[in-house]
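Shown next are two forms of a single protein chain, provided one at a time as structure tokens under the names structure 1 and structure 2.
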Structure 1
Amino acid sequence: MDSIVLKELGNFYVRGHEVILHDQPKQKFVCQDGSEQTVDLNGQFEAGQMYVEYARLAEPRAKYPLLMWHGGGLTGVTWGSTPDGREGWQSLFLRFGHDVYVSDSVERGRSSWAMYPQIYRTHPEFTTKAACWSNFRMGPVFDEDHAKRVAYKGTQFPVEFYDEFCKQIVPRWRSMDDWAQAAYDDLVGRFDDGCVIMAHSQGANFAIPAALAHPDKVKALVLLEPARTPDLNTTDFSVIKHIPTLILWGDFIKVPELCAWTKAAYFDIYPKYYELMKGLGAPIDWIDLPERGITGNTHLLMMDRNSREVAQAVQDWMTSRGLMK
């Protein structure tokens, strides 16, 4: 594949605001050496910020920068090296010729998080390995005994590295989605010449509203196993009917133990969205990878053993939609 010749690596924060707390009780801690330390939680804090890192090519071949948005309980690590150490999509799409911007959503990863309930409205939600096994379609049986776990036959996920993957899982605050949406909208608004959004799972919950907020800035949407859409009955989607959109799904979806959110997204929400946008004349495409002969993919398409092949399918779609120079 092509070499990566970079012009610039960098990072920045989007949004964030000052919060001042008063009347918080002082806390005393005993240090390892036996001494006492008092911590005063009254004062000024920053909250609501989103971390973004970027890699800009010396000679990009894509017309627009590519923004990579992760899913629920995850961070921008989604797009880095795979759990078994192969090249990740951040690097692959640089090779394909895209400037790449990877973000950690508000309340995730390097964006940091704030006290609750003083600043965030609720306590965080934590995700077990068992829940991830089900939600990400690893297999029909999870067990605390590693030897008793059953993966789907033909799975492309490197299940021997499943525990390594689980190190990526972080707390999430569903109650702070409005702050996250504001940050994503702000990020898109910074690209005067336009951008392409690649959103995985929960990331699509923010990507479509960001396009609705900036229909002139979003030049394409790549929705990888998306979770939700804005309300299909009350939202005016005609403002984004010009935006090329790819909806892409992996394998093992028609299994009896399919988790509820995937079932709703694949069999109800997104078929309706697809038909609605087609009715508006939108350039929208739906790809089921098994129908393309690409089989064994989990919800973590960018980490499966055939992740390079899946990335190439996405890149081919972007080329066909005129997004390359």
Structure 2
Amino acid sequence: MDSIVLKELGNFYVRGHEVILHDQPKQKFVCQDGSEQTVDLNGQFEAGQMYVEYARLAEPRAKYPLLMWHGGGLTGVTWGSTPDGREGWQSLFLRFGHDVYVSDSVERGRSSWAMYPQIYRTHPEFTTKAACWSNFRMGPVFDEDHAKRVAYKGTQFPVEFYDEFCKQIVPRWRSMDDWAQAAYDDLVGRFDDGCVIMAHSQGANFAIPAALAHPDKVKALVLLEPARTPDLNTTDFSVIKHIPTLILWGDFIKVPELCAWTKAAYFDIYPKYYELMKGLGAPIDWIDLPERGITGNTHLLMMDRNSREVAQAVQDWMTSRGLMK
């Protein structure tokens, strides 16, 4: 396989601000081993920052850097190697010729998190394996007994590595999206010569507002099974009607047990968004992978066994929309 020839490998943080806590009582605990521990919550901390890592090619063939934004309960690891150890999209899109920027949303992974409820507004949510099984469309039946879990017939997800995938799950907050949005907006604002956003699932909830905030800087939106949009009735989307947009979906959506978020996104929110943007004359495309004969994809299509084929479909779309040199 060809080498990846990098000019630079690095990282930085966007946003973040100082928080000062005084007069918090010290927390004392007895550990399982009987030892005592005291935690002092007073002092100065940074909060609200977002971690961004980049790999820049010696000779990029794409016109713009590619920003990869993960979905809910996850981090930038989404774009890394697959749970069964195959090459991930971060690496694949470097091979396709893109400079790649992978971020961990505020509160997740290397972006750190802040104490609650003193700094963050609420407790975090701990996503269960059961919730992911449903929300990521692994199969019709989940059971705590691994042997009783039933995956979809023909699934492309390497289900024998489902628990390995679950190691990527991080606690998330449902109450701090405004901080995450501010960080994403700040990130996009740094690309004076433009960038392309590839957003998975919840990532799209931030990507469209970031494009609305920086319509001159976002050169394309690749929305992989996107979750939500800004309010379709009150938002003026005309400022982003020039931005090439791809909305892409996998398989197992037309099933009776479909989870609520996908049902709303696929059957209600995004058809309306697509029609609205079409009506504005936007260069927007809707791809159902099964209609192209690419079947078996779950919500984690960048980890599915045919992840390379799905990546190629996205890359072909980018080429068709003039995003390569």
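Quick caveat, the model's predicted, so the values are computed rather than measured. Only the largest set of C-alpha atoms that superpose within 1.5 Å between the two forms is called the rigid core. For residue numbers, the reference is structure 1: its sequence is counted from 1.
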query: Selected structure - the one that is the form predicted alone; finding: 1
query: Angstrom displacement of the CA atom of Val30 between the two structures, core fixed; finding: 5.9
